[in-house]
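Listed next as structure tokens is one chain, alone, in the form predicted alone.
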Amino acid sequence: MALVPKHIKELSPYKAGKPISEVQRELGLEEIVKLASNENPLGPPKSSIRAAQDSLMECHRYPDAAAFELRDKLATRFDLKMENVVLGGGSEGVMSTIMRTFLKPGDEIVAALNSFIGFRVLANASGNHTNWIPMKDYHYDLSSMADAINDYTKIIYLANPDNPTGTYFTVDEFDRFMSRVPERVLVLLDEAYFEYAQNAANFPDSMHYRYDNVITLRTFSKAYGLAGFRVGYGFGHADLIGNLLKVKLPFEPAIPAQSAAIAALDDDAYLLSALTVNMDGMDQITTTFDEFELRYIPSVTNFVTLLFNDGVQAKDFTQTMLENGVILRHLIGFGLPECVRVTIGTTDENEFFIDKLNKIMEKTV
């Protein structure tokens, strides 16, 4: 249709991992484990469920457009002012608002070629030119990204740690990079997996920085177990956040989502449990990979990415695991056809995966 702009016609939509119900219908399997979407396997915190349920009687009202209580709690937690905090429908919701707020025709974007596919969709949908910079050994090539900055560059997207590789850049690397970024360029620092990575060696916690041209993005979808509630948030200079608040949808997140997130922030026991389960599961999974001499990218997140010789091997492995009741993520859509991403599950889910892997590897030996 002539009504649809060319860059939208050519856009490839984001493809989420297959839901369990779909695989059950397709393959007729009763027992299925989903390790494809980097979800927290523990489920939502019970405190969040109770808070969301308690809020339902108020759902004939519109949500607090300012989300005062949640923004205030986030500001207190991270030693900021409320005017430094913006919310959205997941971190992608905040990203979308940022793109609509700050990009104008002729502006350009710099991003890593094989990083988070959700940002790629937003960048391509904007209609602005993006300089896609290849990764180097599955890590961000920050030097080349800095080289790509030109007079038209307006936004740079960095995911630290990265999805889907699980790698991260260090304090020194970030400092060197930022020394080359003009103040007129906005840096989106996506820290969706911050809670998992915060204790990694030399990890640059953005709360220790106060760059006026950096917006930090975080989420309740991962370590806090609230993916289905869709609550993301951003931290930044009051002037940047103030302009985002003019553009964002006025009534997001919804009342139950705000209530669930507020409760989650106070549930330190849940967060500790989620991080412990993930740490133990990572050891459980990678130890098995080492035993089978399977190659993988060391990760500081809640997933680990396997490396195969080529895209055919990776696709076959993903399909074979699917037929055995394990949903994994073949990363061909990320431009990494040789890679398969495995989310860390519960101990039982990991053992189910390992059992199926054992059977598959026995057949190939």
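Here the structure is a predicted model, which means the values were calculated and not measured. We number the residues from 1 along the sequence you see.
Separately, the form predicted together with a small molecule exists; it is not shown, and the next lines address it.
Proximity to the small molecule in the predicted bound form, defined as a heavy atom within 4.5 Å, singles out one entry of Ile285, Ile215, Met95, Ile155, which is Met95.
Here is the short version: of Gly234, Gly166, Gly90, Gly225, the single residue with a heavy atom within 4.5 Å of the small molecule in the predicted bound form is Gly90. Among heavy atoms of Arg230, some come within 4.5 Å of the small molecule in the predicted bound form. The small molecule is not drawn, but in the predicted bound form it has no heavy atom within 4.5 Å of Asn84.
Proximity of Ser221 to the small molecule in the predicted bound form falls within the 4.5 Å heavy atom cutoff. Shown alone here, Ala192 lies within 4.5 Å of the small molecule in the predicted bound form, counting heavy atoms only. With the partner omitted here, the stretch from 192-200, 260-268, 166-174, 145-153 that lies within 4.5 Å of the small molecule by heavy atoms in the predicted bound form is 192-200.
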